[in-house]
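Heads up, the chain below is alone and in the form predicted alone; it's given as structure tokens.
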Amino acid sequence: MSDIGIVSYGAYIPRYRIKAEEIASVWGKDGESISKGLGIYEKSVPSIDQDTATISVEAARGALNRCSIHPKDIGAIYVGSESHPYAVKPTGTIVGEAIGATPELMVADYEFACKAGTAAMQTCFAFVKSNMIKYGLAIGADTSQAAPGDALEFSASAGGGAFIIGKDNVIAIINKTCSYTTDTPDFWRRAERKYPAHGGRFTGGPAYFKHITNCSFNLMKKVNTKPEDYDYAIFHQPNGKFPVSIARKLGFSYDQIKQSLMVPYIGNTYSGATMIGLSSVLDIAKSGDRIFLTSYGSGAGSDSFDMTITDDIIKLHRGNAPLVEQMVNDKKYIDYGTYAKLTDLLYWE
């Protein structure tokens, strides 16, 4: 069996930004206190014509531009998101048609809060390993929602990442992956509701920290590694403090996570968060580097990955698509009124 892993990757972050202080100015002192506590300076905002489908297409095109894979060789597309533009109509078919991968293609939309993208990676990995497909495309993307004035409004943002999984010209071998899942209702959105609800402080200890801790330790036990064996680490980043705290708890240093830590500058892209963090690491990774990743999705569960960068990373045309740093720095600030208009914030039926 050949090594299986990431063959190419792409990411997309909308250009519009709103500063946390601009949101806080609308909601007063409570807003200022919330924004400082989250460790988020600003967040990305989708334009009026951007949604999970368009973000997924841009990220997928970036992945294809970096390699020589023909779209028809992609046998499966799985798009993970909690903001699919249609309740009944798959996002994946739009992506497949846009990149020229249809019609001999398996497609499904995934939902598991913020870890749906890494679940898609696991599915593609399994299909490639079973020889059912040559390449699979796993996407995690969101234009996340938050009720006006809620603490989530300071973090909920937009963006996504796409990864082509295969066994030829692999740039990052997936050595091992595992998951840890329980029924922990820390965050939810009922059918037909526009905005999600959350359990406040309950989203921390019993939810985020418990699942990432257990999943991470389980993976390191399976592959017999320690935190110091890795060059980079990526953790789900709902705010600026949680990933730093969990890294410290697990024994990882700030230097190991800083390349992936995008949330202070673009907010929480939900299903795109760990995908964009991994894309940022792959933007600079060198042959032999070892990467540790653990995602988190409310409801609740985590997926962990142990990956090793190969010599083929130098063959990848990384410059053929925007780097994460370039997209983070390419921004245009908007005021709260424009933000409300672009995100249809005050719409109700």
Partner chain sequence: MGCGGVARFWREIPQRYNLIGNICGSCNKTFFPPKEACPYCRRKSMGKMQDIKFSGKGEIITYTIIHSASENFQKQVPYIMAIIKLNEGPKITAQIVDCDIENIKIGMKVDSTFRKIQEDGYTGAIYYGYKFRPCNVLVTNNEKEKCETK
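Remember, predicted model here, so these are calculated numbers, not experimental data. Numbering follows the first chain given and starts at 1.
Omitted from view is the form predicted in complex with its partner chain, to which the following refers.
J.: Considering non-hydrogen atoms and a 4.5 Å limit, does its partner chain approach residue 61 in the predicted bound form?
T.: Judged by the heavy-atom cut-off of 4.5 Å, residue 61 is in contact with its partner chain in the predicted bound form.
J.: Does residue 97 make contact with its partner chain in the predicted bound form, using a 4.5 Å heavy atom cut-off?
T.: Contact with its partner chain, yes.
J.: Residue 195 near its partner chain in the predicted bound form, any heavy atom under 4.5 Å?
T.: Taking the distances in the predicted bound form, the answer for residue 195 is no, it never comes within 4.5 Å of its partner chain.
J.: With a 4.5 Å heavy atom cut-off, would you call residue 308 a contact of its partner chain in the predicted bound form?
T.: No, no contact at 4.5 Å.
J.: May I ask you to choose, among 54, 298, 280, 35, the residue with a heavy atom within 4.5 Å of its partner chain in the predicted bound form?
T.: Comparing distances to its partner chain in the predicted bound form, the residue within 4.5 Å is 54.
J.: Tell me the stretch among 81 to 89, 213 to 221, 173 to 181, 241 to 249 that has any heavy atom within 4.5 angstroms of its partner chain in the predicted bound form.
T.: Looking at the partner contacts, the answer comes out as 81 to 89.
J.: At a 4.5 angstroms cut-off on non-hydrogen atoms, which residues of 10 to 27 are near its partner chain in the predicted bound form? List them in order.
T.: 12, 15, in sequence order.
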